[in-house]
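Single chain ahead, written as structure tokens, the form predicted alone.
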């Protein structure tokens, strides 16, 4: 399996510079706010979205049509700003998600709401959103801000849509694809296209990167939902978390589409019990495994990966294209 470290190699110097840039944008005089900021910024995970921004900016920049030299930077502060905006919008959404889900952990560490209560966690998420937009406006990069800002409303719509269908236990394949586009793929799509926007790439390149990011984002979330059913995944979250929250994701949808009406009603009844009954969770877990729900979902995920790679094939060979192709493989093969 390709490593994330290998994917980062063409932009390694840029990632270091980006981290310094990000730290300079977020500070607070208050002791509690500073503590929460330190906790949030130190637990950001793999930084996939900033990596995508920097790689797509390098891929589509006319200034980078030269031989890659190790140790040299490829990205401007404008690209770092775009990377910071998408990363912190994502981070803020996770802080809010943990409040909504009453989650005690995030990536194996205590969540903000577990450490400082939900009230302060909501304020922390709001602070991240406000500071992110403020940084964009203060730098007068209005095209980047307008390109990225719409994703906030889309993320909110996706969260409400998911909650609605989880409550009604009526998520269809079409509903699911709409939810994961709004909750995940939309921001990864914006990340990819924002990289192109940050280097003043052509409209065609911006659109190609948007389509690439959308396909990659759909695959990313489907793989996430597959891992929720995996007995060996190392996600840092409790296994079967979606089931316990009443969510119907693609592995279960693949099963429900094969069922008779009576079988479907029985599974939905068990799903309603999953919040409090571990045996109901195990029942659905076994059905998904035995009926091939995981492999069928993986097949759908792979179609999105293939779509993303096909878009990249239109670009000349370069370390940036190779890294993005490898990122597609990494997302498809990851177990955490």
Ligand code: FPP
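Numbering follows the first chain given and starts at 1. Quick caveat, the model's predicted, so the values are computed rather than measured.
Heads up, the form predicted together with the ligand isn't pictured, but that's what we're talking about next.
Participant: Give a yes or no on whether every one of 96, 183 and 247 sits within 4.5 angstroms of the ligand in the predicted complex by heavy atom.
Facilitator: Every residue of the candidate spot has a heavy atom within 4.5 Å of the ligand in the predicted complex.
Participant: I'd like to know whether residue 106 contacts the ligand in the predicted complex, with contact meaning heavy atoms within 4.5 angstroms.
Facilitator: Residue 106: yes, in contact with the ligand in the predicted complex.
Participant: According to a 4.5 angstroms non-hydrogen atom cut-off, is residue 206 in contact with the ligand in the predicted complex?
Facilitator: The answer is no: residue 206 has no heavy atom within 4.5 Å of the ligand.
Participant: Against the ligand in the predicted complex, would residue 159 count as a contact residue? Criterion: heavy atoms within 4.5 Å.
Facilitator: Residue 159: contacts the ligand in the predicted complex.
Participant: Is residue 100 close enough to the ligand in the predicted complex to count, meaning some heavy atom within 4.5 Å?
Facilitator: Answer yes; at least one heavy atom of residue 100 falls within 4.5 Å of the ligand in the predicted complex.
Participant: Quick one: from 145, 135, 256, 129, grab the residue that has a heavy atom within 4.5 Å of the ligand in the predicted complex.
Facilitator: So the residue touching the ligand in the predicted complex, by this definition, is 129.
Participant: Report the residue, out of 123, 155, 227, 166, that has at least one non-hydrogen atom within 4.5 angstroms of the ligand in the predicted complex.
Facilitator: When the ligand is considered in the predicted complex, the option within 4.5 Å is 155.
Participant: Just one of 85-93, 256-264, 188-196, 207-215 has residues with a heavy atom within 4.5 Å of the ligand in the predicted complex, so point it out.
Facilitator: Checking each option against the 4.5 Å cut-off leaves 85-93.
Participant: Does anything in 288-313 come within 4.5 Å of the ligand in the predicted complex by heavy atoms, and if so which residues, in order?
Facilitator: If the 4.5 Å heavy-atom criterion is applied to the ligand in the predicted complex, 288-313 yields nothing.
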